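Shown here is one chain on its own, the form predicted on its own, set out as structure tokens.
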Amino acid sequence: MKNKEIAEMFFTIADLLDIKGEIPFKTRAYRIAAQTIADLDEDIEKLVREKKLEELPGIGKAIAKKITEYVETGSLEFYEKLKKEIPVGILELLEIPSLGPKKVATLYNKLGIKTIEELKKACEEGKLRDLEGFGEITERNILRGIKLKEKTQGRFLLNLAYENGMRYIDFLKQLSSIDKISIAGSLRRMKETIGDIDILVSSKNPEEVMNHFVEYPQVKQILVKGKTKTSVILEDGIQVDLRVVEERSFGAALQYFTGSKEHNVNLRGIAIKLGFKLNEYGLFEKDNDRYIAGRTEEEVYRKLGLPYIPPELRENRGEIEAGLENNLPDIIGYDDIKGDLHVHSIWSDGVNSIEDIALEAKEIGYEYIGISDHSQSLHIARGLSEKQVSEKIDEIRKLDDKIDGIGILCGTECDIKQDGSLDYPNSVLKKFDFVIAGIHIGFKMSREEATNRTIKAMENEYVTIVAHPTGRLIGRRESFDLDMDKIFEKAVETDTYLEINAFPDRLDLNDVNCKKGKEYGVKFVINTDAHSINHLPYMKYGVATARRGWLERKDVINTMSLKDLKKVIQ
């Protein structure tokens, strides 16, 4: 399948056209096409043969012709010409916060900067401050952005690691000699970024398991191959470590290799006090090494006087103390979500129709779906005018009557302006079933400005939810400097729900803020911010964040039935 390479090529074309200064409509067309292809389940070569490309959302005649050319010849003349005009290497500069296409073009044309190292050196030498549109503050922001990128270097977003891990697990399960198998490490704890993937297996034939493990089609390099541990690098650069243990040690090893390190240190301390020793092989009597437990995690925790602690809680943030006091939260489950309230359709910058989104949500098993397209000022995302809002509401009401088994709600992701006012007047806001307010422009704010801007939006009587409250993009943009205590207090005062945005490069609010917000009495909503129906499964990453933040079903409004949800959002 060439789906991935064609999608990546189209994303690159869009970035290169941005740097050239091409009109936004043209670059957006390539991005929509790229996203459609990336999310495609079918082989794109088959669609080319069957001449069905133009049936895909966002694929017009011109794009279809380019896809066909690439599939049939292995190259695209338009792309090759573009690469000669602009070195593809400078695209890495776009990953630095504070740098957009225009600034990157200026850096390349004026200073010949093509790499992050060249950019860092130029900033340190003060070469950017005299360029038009830059200055000393921009220079400092760029250096800060480079440090942010360096901090997350070598780590992968949760979704990439999770999808790789699950595919590898499915491949390994083909082997009958495997008795038990599980993901371990930080991926099992569902951290927002992952360094590598750990897989644990119990088997009586470890050599056969290791031989099968290295035959996985995506393996690029074998780092080490042994009897109990083997490590490989996959095509996309992520490292996968496999360990094989005896069946009687599987639970202890799973607990040990899941971590976190701090959680394990605390647990071993409890074991010592009870006259035991705990390691990856099991729980043993300290004096005579008699085996006590280790086949399952549950029996290990039980023998230490603890209830089972879910992996997402194992960060040494009070979970062991809570367990000893029989006070662990009954954290939200992955199947507890009844609907998603933040989904974009073709009315703004999504790729699917409202009807297609509703049918997919019904297939997932949701009771409801909320269509929340962008508001009028966000031109780059084709925000809706007031006239379009009325037309969209009419369409949703008709579809809600037409499609049985799913409730379709009409929301908006309304931009919060720099003074804290909203992008629509109240006369428009009151037409929606709910209003999600979010910041999308003007990110350079002081702590006071960012906090007051968000608080003023929450004070609007029609605002139901605050979208991605801290505005971060993992590895690309730092969070706003917000006074979260004031935000939590205002959320409780105004009955405003804070969003846990499940899109993998956001996961905003993060787990730490979820836990703190819960202590204030804040209520949350978990949404995907999906721009394609293929993004709807991202919900699990938002639920994982909520679980890591100790949230229970009662803390999250979209665990409610449609009937109960309508009562709270209205």
Ligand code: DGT
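Predicted, not measured: the structure shown is a model, and the values here were computed from it. Residue indices: 1-based, along the sequence shown.
If you look for the form predicted together with the ligand, you will not find it shown, but the lines that follow are about it.
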Check: Can I194 be called a contact residue for the ligand in the model of the complex at 4.5 Å between heavy atoms?
Finding: yes
Margin query: Please tell me whether any heavy atom belonging to Y462 falls inside 4.5 Å of a heavy atom of the ligand, as the geometry stands in the model of the complex.
Written below: no
Next item on the list: Indicate whether the ligand has at least one heavy atom within 4.5 Å of a heavy atom of K277 in the model of the complex.
Entry: no
Check: Would D198 show up as a contact with the ligand in the model of the complex if we use heavy atoms at 4.5 Å?
Finding: yes
Notebook entry, point to check: Quick one: which of 186-194, 360-368, 330-338, 70-78 gets within 4.5 Å of the ligand in the model of the complex, going by heavy atoms?
Noted result: 186-194
Item checked: Complete contact of Y30, G58 and K61 with the ligand in the model of the complex (any heavy atom, 4.5 Å) -> no
Check: Q376, T230, N164, N264: which sits within 4.5 Å of the ligand in the model of the complex by any heavy atom?
Finding: N264
Margin query: Can you pick out, from Y424, Y256, Y497, F434, the residue that has a heavy atom within 4.5 Å of the ligand in the model of the complex?
Written below: Y256
